[in-house]
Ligand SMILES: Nc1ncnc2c1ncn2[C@@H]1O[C@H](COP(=O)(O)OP(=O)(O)OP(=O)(O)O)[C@@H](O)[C@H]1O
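Below sits a lone chain in structure tokens, taken as the form predicted on its own.
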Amino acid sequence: MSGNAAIQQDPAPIVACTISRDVQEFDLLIEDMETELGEGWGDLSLEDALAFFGQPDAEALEFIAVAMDDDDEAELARFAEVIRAASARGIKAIVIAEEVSPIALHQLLKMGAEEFVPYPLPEGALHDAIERLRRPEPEPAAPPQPAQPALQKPGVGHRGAVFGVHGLAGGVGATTFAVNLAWELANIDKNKPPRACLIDLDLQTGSVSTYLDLPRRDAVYELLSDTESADEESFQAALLTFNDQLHVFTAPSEMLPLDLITGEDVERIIDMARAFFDYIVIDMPTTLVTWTETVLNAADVYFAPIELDMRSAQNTLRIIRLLKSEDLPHDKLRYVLNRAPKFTDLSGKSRVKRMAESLDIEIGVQLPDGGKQVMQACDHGLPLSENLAKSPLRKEIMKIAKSLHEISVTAEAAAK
């Protein structure tokens, strides 16, 4: 047998290495590596990593775990060089990052990193990442099939439910809520999954495509600029799918004026979506436009995310006054308080109560603060269920989706 074969028979071959400035600053990573690999892992500094890759012992490496925090961004080029060198030798890389900017993460992923896990490590996150790395490569693709053969009309007279999401102030988490609500609706029933569609109508700063890591198609602009000529084929061409379960109509690739489309254009898009899907979630711009009324009238529920601050309170009061003055269905608004006080924060709970009473509204949904991990998940282009499944925020959104689905199923059964 060869010398390499003899090395492979060692009791505990090194199959993985952590690479960091100081691994002792990532104690949770050490614990998880020991749980997953026992003694089958080692630790390298940045200086030693490149030299080690050229040694025979490195041939047994399955992956490296590159751990860094915001203090390491000055050395980003060196981390990228390590990942590039590992990738060139067939060694996969997991990035363990704490408070690292999205730009830095994207650069590391472009260099060849296979996985990203936020730090502090969520429970089971490293295990799941390693399992994904160890999955066998997929078989060569079969001959290309039609882009979305499953997109067929459920039946004559079918009209899907529409849910609008309109943040009443910037940064209140409206898009995060819309993306995850749509994803939970698409997965709410494993035996009979509903057909769900997410439509991003924020033509200027819409970020649904970013939160799901999807490209922006020119077909979106083509459809929006001439909805009168749009048909089922052009509508389908403008859609993308996320994980083969959620259909997405992204914002256009370029910033466009919000008055590019009219109420009639939006109505046509909604009607086409309703004919194909059970649930349509529409992410709206914070700006009120001429076609806001169209979506409000079409919506079964119009979610209005807010925060516990003065700007949200003032904007809520202003939109209520506007809707009442125009005789529009303000009762469709369902207020969603994001980053709500914790259960033990009695002072915060009292402020929520006073805010609701002063505005004469009911705050029926209170979402907990998911922290920086939620933003990191968004930057990585994944719904919360994919890497923060146990997040309290994800659980609350899942409850909302379940409630909406139960109401829809009950209404459908009563109509038969």
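When you see a residue number, it is the position in the sequence shown, counting from 1. None of these values were measured; they are calculated from a predicted model.
There is another form of this protein, the form predicted in complex with this ligand, and it is not shown here; the text below is about that form.
* Location of this ligand contact in the predicted complex, chosen stretch of 345-353, 365-373, 44-52, 61-69 [non-hydrogen atom, 4.5 Å] -> Result of the contact check: 365-373.
Just checking whether Leu393 would be counted as a contact of this ligand in the predicted complex - the rule being heavy atoms within 4.5 angstroms. It does: once this ligand is placed as it appears in the predicted complex, Leu393 has a heavy atom within 4.5 Å of it.
Query raised in the report: Quick one: is Arg339 in contact with this ligand in the predicted complex, heavy atoms, 4.5 Å cut-off?
Result: Residue-level check for Arg339: yes, a contact with this ligand.
Check whether Thr210 has any heavy atom within 4.5 Å of a heavy atom of this ligand in the predicted complex, and answer yes or no.
The answer is no: Thr210 has no heavy atom within 4.5 Å of this ligand.
Given that this ligand is not shown alongside this chain, does Ala125 nevertheless sit within 4.5 Å of it in the predicted complex, heavy atom to heavy atom? Contact with this ligand, no.
Fill in: Option touching this ligand, based on a heavy atom within 4.5 Å in the predicted complex, out of Pro120, Pro257, Pro193, Gly171
Selected option: Gly171.
Practice prompt. Consider the chain as shown here, without its partner, and state which of Glu222, Glu293, Asp300, Asp202 has a heavy atom within 4.5 Å of this ligand in the predicted complex.
Written response: By the 4.5 Å criterion, the partner-contacting residue is Asp202.
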